[in-house]
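Below sits a lone chain in structure tokens, taken as the form predicted on its own.
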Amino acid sequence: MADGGAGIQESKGDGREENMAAWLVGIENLKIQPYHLPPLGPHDVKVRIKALGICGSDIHHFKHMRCANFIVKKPMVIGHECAGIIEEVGSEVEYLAVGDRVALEPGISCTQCDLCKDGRYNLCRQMKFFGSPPTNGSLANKVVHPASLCYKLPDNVSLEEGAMCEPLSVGVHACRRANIGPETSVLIMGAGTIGLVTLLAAHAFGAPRIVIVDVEARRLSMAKDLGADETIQVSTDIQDISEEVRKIQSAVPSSIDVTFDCVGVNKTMSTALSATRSGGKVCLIGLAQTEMTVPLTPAAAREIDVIGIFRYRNTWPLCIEFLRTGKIDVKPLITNRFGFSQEEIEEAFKTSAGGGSAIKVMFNL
């Protein structure tokens, strides 16, 4: 493990630094190779990436060359949770300057379809998203990106925290969709990265009581440290749902108003639908299974609303404000750090894929 230096840099014949990136070229096969950037458009900026976190979707691509219906069919630059320093600005960019530290929102929508015009650009069918095939990602020395998707960081927010705006945005978007507030008791299924950032977001939105469940005691300990009121260790056996629901409900004196399923398998969704009060909401964030068998009819009879969550929209300014004011602290989630070399990218992805004590694995470029 390194302290994060400049990484691999090669020179062109004219003395300019060659841009290098981590290319996914096969199953569990990453190579640092040259990455030729597109020309800088008038509304674009060129950003030197300084911090990038590994996401669960990156691991799916790394291990299987696919994530859900997104299939890697040719070599692709991986990564999307990132922040960096602006090195060049397009001719029409007025609100950013060379040297600005920015967090990058990784998805470029078409802006023209009905969903984009309705403000739900995260659902755009033409979305070009860093590191989601066929779009190249951002684990590179430099990237070119629309200036409108680069958000300036305050002096007291680090580049690592800026990169964490991406996973945090999932929790913020979910809390907005579920209308979390000071009168909302919350249950969170799963204490991985997304479960933990949802916990932090729910606290920031004012939720008075938050219970989180997971199969791993180590992750529940982290959740407790981050402010969970109660943690409950559960099994992977679907036959245990009834008993576990009783334990969950007894941990909330009133009732569970909203449940966030941050896993997305038969058992977690079935537990969520059973534990949530009549008239409550279940938000499905995790998408581990394409199809599930769940007790939907009893939930419908109790008027439980099931809400889907896909990525995020218009979240970076609020995430940055939460970080600036200290209302959310994401630093404890960063458990492992690596530099940008062939050896280190291999070790970093191995560490992240292995689970264990690793929560967020971060590159310092």
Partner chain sequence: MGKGGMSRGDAGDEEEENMAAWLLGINDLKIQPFKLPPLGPYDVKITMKAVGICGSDVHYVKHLSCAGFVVKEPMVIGHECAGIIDEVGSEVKNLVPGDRVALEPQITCWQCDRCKEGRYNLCPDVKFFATPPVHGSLANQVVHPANLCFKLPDNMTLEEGALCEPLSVGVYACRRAKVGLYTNVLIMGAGPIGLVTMLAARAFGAPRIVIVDVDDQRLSVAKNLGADEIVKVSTSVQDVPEEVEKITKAMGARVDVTFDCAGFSKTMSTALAATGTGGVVCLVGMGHNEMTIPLTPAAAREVDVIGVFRYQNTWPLCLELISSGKIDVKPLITHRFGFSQKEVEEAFETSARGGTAIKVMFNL
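Please read all numbers here as calculations on a predicted model, not as lab measurements. Numbering follows the first chain given and starts at 1.
We do not show the form predicted together with the partner chain, though everything after this point is about it.
*Asks:* Pick from 226-234, 243-251, 121-129, 210-218: which stretch has non-hydrogen atoms within 4.5 Å of the partner chain in the predicted bound form?
*Replies:* Looking at the other structure, the answer is 121-129.
*Asks:* Indicate whether Q289 is a 4.5 Å heavy atom neighbour of the partner chain in the predicted bound form.
*Replies:* Although the partner chain is absent here, Q289 would touch it in the predicted bound form, with heavy atoms inside 4.5 Å.
*Asks:* Quick check on I59: any heavy atom within 4.5 Å of the partner chain in the predicted bound form?
*Replies:* I59: no contact with the partner chain in the predicted bound form.
*Asks:* Going by a heavy atom distance of 4.5 Å, is R313 a contact of the partner chain in the predicted bound form?
*Replies:* Flag for R313 set to yes.
*Asks:* Quick one: does I309 come within 4.5 Å of the partner chain in the predicted bound form, counting heavy atoms only?
*Replies:* Judged by the heavy-atom cut-off of 4.5 Å, I309 is in contact with the partner chain in the predicted bound form.
*Asks:* Going by heavy atom distances of 4.5 angstroms or less, which of E28, D305, E321, D329 would be at the interface with the partner chain in the predicted bound form?
*Replies:* It is D305.
*Asks:* From the list P317, P298, G41, P34, which entry has a heavy atom within 4.5 Å of the partner chain in the predicted bound form?
*Replies:* The residue from P317, P298, G41, P34 that makes the contact is P298.
*Asks:* Would you give me the residues of 268-293 that have any heavy atom within 4.5 Å of the partner chain in the predicted bound form, in order from first to last?
*Replies:* Result: M269, R277, S278, G279, L284, L287, Q289, T290, E291, M292, T293.
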